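First, one chain by itself in structure tokens, the form predicted alone.
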């Protein structure tokens, strides 16, 4: 449904979802459970991310949490407590499908981490391209404290972001870190006061949305799929992605504007 100029909202039980000026904001909305992720919420997230992928008007995505306490305080332990291995596997696979879709989406995504991002919360944030955090944010993979390990990519994405040694330290101890420490180890890109987090995140998302869309898509693809390859294979991916950019109107406009010493007018084509 359309609400006001340029604003679209869609209804979910556990999420708030709106699109404004080309930016989709997905807000985890289970504040009484500190936005913990149950299977229903993960299914809604998969649906929302798929909508963003298929909607050409969406040029960027923000994920955040409702309330002041939590981004996502992990998976819902009440739901998980009595799962059998087969059921647990299905829950893990749903999470992996959703987060991999988010991670490989040909549009930029930003996690605006406004409080606790524990377990699945840290894992969701790591599937985003960029992580902005409130000064009050807390991160961690405390699954070990309940006899588990991360199951939505935490053992893999964390080591790629902060290095194997720090990843093992966090995963094997279950310790939490504050936003400042997360920034120091490379888990967080920027930190803001709580009342500025969403405003600054939206400002940056709009900046990315104003970039040549195909070039952003190619940049993300080259980084994602070249990261863990041998350098010669990775460079081949970069070369092919860069060459494809020369097929776009935005590339022609960008270079022409540079030579004419004016601001480019990108159209996304």
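Everything quoted here is computed from the prediction, not taken from an experiment. Residue numbers count along the first chain shown, from 1.
Same protein, other form: the form predicted together with ligand DAK, not shown, and the subject of what follows.
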item: Heavy atom of residue 108 within 4.5 Å of ligand DAK in the predicted complex; value: no
item: Contact test in the predicted complex: residue 183 vs ligand DAK, heavy atoms, 4.5 Å; value: no
item: Contact test in the predicted complex: residue 126 vs ligand DAK, heavy atoms, 4.5 Å; value: no
item: 4.5 Å heavy atom contact, residue 152 to ligand DAK in the predicted complex; value: yes
item: Site test, 33, 77 and 88 vs ligand DAK in the predicted complex, non-hydrogen atom cutoff 4.5 Å; value: yes
item: Contact residue in the predicted complex, from 158, 197, 118, 188 (heavy atom within 4.5 Å of ligand DAK); value: 118
item: Residue (of 73, 179, 167, 102) lying close to ligand DAK in the predicted complex, criterion heavy atoms within 4.5 Å; value: 73
item: Interface segment, criterion being heavy atoms within 4.5 Å of ligand DAK in the predicted complex, picked from 129 to 137, 143 to 151, 189 to 197, 159 to 167; value: 143 to 151
